[in-house]
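Only one chain is given next, in structure tokens, and it is the form predicted alone.
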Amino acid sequence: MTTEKKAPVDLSKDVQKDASQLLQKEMIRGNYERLAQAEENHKEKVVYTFVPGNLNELVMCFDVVGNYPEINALQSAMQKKTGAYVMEAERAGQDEDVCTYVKADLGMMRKGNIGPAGKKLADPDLLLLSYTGCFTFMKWFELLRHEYKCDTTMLHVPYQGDGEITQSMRDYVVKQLKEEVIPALERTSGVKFDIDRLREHLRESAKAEDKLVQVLESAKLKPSPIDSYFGGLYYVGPTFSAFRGTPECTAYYDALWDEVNERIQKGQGPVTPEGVMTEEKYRLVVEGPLNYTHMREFWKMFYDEGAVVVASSYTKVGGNYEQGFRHDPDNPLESLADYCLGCYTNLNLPSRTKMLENYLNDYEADGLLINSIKSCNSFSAGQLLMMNEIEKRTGKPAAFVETDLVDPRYFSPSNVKNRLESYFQMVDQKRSAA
């Protein structure tokens, strides 16, 4: 492992991006434009909803535009805006330990609800909450409902306490879709539900999900042509948000796979902001969300050490497709229920631990790294137990770093870098002993 002092990140340097990444950027910009136009001319109704367990295929059946608060927060964080938003929310009474996604969203709202694209986002006509394992979501929308005074509906998704989806769970979710969610969307939009339209969106989703899994599983190759944590954020973006179920989403994954397959043929590593990874020295599995306020600097620490993330739990937060799930047009409402029930945040700790163990083995990783997020209880609770269990089962080293989602106060470059260097030394020692 290299130990000499690394140069600081040169933010003026051009960031290398794939064509698919630029395509995705245009898709996101288009959705923000729709939200801005909905604010200006009120021709479209607006639904606010969340990433885990989102019902995008169903929402699109009602000709409304979707807004995702977590996406707004992470996009704003990468633009260095969320520090001010978080402090604004704290001045308004939010506690220091509240999820910083929530505080970034509330702070943005208090500052005029100007979205990441620089235009005001339309206020919601409906708050659609799909509860999938994170209690904070309920309090978050409770606060938004108080501010916006709009209609709110909740899809309660049972927690997988025993590690499996039962028929009674599925029936319970389907009943809510029929009796609560669909009527709320009809009421908000004035559009009658068409199940054949839903089937078309689900059929499109399954195509994109096939390609996404193909991309993620390419990391089993050596060298891995992708990074499943930093790069994975971009790979999962369209299918975790307002685009899943559209032909544009399918086209994105076709383009992404073409790029990945080209790197496979050339024996290349992943594309990073610093360029193509030329030497793969360490293969890691990462548990926990990303830090977005210093994402490029964080990624560069891995790049400098030749470390590639071959699998991550965070890329399963909006859908766990590698385990075989696909949206099914032949069973539309049941398929939506299974999707919500199977999101990573809705799994119990034994299921999460087993998933990480399988990743370490199947992707021939050198070890597990946990990014413990200060304000995210749904991820951070139990991570040390999981880390210890993984070490016992696999004999591979595990360690953790500490950052936050979108609060720049909780990213310490020197601390993170020191912990990473210590961890890579541990990996080297394990290799030498073997």
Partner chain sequence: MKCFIGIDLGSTTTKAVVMDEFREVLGRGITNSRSNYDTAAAVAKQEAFIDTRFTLLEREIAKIPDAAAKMKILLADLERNFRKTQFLEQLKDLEETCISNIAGARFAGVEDQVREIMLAIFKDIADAAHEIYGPNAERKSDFFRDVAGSRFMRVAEDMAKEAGISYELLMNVYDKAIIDVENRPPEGDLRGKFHLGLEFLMMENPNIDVDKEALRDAVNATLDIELEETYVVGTGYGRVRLPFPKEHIRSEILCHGMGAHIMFNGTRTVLDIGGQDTKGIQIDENGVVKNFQMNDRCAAGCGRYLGYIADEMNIGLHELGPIAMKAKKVPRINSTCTVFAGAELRDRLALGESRADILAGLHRSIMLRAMSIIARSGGITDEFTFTGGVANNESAVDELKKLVQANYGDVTMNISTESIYTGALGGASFAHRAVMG
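Residue numbers count along the first chain shown, from 1. Bear in mind the structure is a predicted one, so any value in this text is a computation, not a measurement.
Omitted from view is the form predicted in complex with the partner chain, to which the following refers.
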### Summary
The stretch from 62 to 70, 39 to 47, 387 to 395, 24 to 32 that lies within 4.5 Å of the partner chain in the predicted complex, judged by heavy atoms, is 387 to 395
### Query
Thinking of N415, R419 and S422 as one candidate spot, does the partner chain come within 4.5 Å of a heavy atom in every one of them in the predicted complex?
yes
### Message
Taking the partner chain as it sits in the predicted complex, is D125 in contact with it (heavy atom to heavy atom, 4.5 Å or less)?
### Response
no
### Query
Are any of the heavy atoms in E305 no more than 4.5 Å from a heavy atom of the partner chain in the predicted complex?
yes
